[in-house]
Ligand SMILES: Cc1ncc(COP(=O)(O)O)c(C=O)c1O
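Form predicted alone, single chain, as structure tokens, below.
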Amino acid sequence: MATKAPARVYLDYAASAPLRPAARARMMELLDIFGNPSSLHAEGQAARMALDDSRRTLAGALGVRAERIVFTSGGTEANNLALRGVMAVSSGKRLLVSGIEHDCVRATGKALGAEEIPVDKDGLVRLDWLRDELAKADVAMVSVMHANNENGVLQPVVEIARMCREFGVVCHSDAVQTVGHIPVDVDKVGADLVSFSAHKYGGPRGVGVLVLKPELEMVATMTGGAQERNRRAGTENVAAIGGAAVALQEAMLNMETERSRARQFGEQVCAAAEALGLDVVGKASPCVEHVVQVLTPKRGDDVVIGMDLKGVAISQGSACGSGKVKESHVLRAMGYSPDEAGRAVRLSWGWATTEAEIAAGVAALGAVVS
């Protein structure tokens, strides 16, 4: 019997993933714990215990001590805290940010006077350029994402972090597209600060995490309370944080199976794209398995709309740029023309994606771009 095509196909996991059932269940439990985790009474201490349990769960999944975890309202705030918090004590030294970062890092870097680290045609940071700049001994911080949110290209963050340590420079990596998708041992990655967001791997929206070395000198950018060891003021969202912790735990437990399926789906999407004559961006570089970016013969926003009309959700790139018709700054940094950068679309999948959805998505793409 033929598999019935799904009514709607969601292939935009890199923007936000569906909530995992275990995370939903944990959040429902914790909604009944209504005390403020900073309060001394029994209700407050119940909330504190739940928060501490979630912190330990997340820390264990990442291979770090619990006191290194700082909870924020999302990946954007975590990235802002990392860059602004460190640069506030930088004594006038420079900030270097790669040219392919998510807009929340690019915009924050621009506000802080950052200089752009160039990338090559395959989307990889120019390590030779970076070493030359680090040797000038006037760099305070380097920020390079772990995997790109548009094309999935994995950056050599381990090598970048090693270079930064050699020159006494703070290293930050936005790991939003890798945590929960591939194994991320923070200490092996080597960066001083690593940020990520729960809703990318099946946790709830509104929870971000910044993992930092406890000896790192930085200041809080959200002030008014002593929460998160004075790193980030504001009452913690206990229920959402609990969902984030359980979702990561589930992602880690099922990672081998989920990565295998994601790899299979990626191979299918790439083969179909190439059969349609579409260029797959970053195919010569190491990439995460769940993201593919292709160049189409039509404007990217037209393809996204056409796919949506056929019941398939994809995107042009960062969800934070939704509602805007613009070329991809990532592709421009890689050397693509403005026309090419405006014709890119991204397909991404995750823990709940089915073979039928991939098949329907590929069929719809063929119909829209033909």
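Just count from 1 along the sequence shown to find any residue number. All values derive from a computational prediction rather than experimental measurement.
From this point on, the text means the form predicted together with this ligand, which you will not see here.
Heavy atoms within 4.5 Å of this ligand in the model of the complex are found in exactly one of 98-106, 212-220, 266-274, 112-120, that being 98-106.
Just one of 281, 176, 83, 170 comes within 4.5 Å of this ligand in the model of the complex, counting any heavy atom, and that one is 176. Out of the listed residues 160, 295, 145, 291, 145 is the one that sits within 4.5 Å of this ligand in the model of the complex by at least one heavy atom.
Residue contact check for residue 197: one or more of its heavy atoms lie within 4.5 Å of this ligand in the model of the complex. Although the partner is absent here, residue 14 is a contact residue: one of its heavy atoms lies within 4.5 angstroms of this ligand in the model of the complex.
Contact annotation: residue 76 falls within 4.5 Å of this ligand in the model of the complex, judged by heavy atom distances. In the model of the complex, this ligand sits within 4.5 Å of a heavy atom of residue 149.
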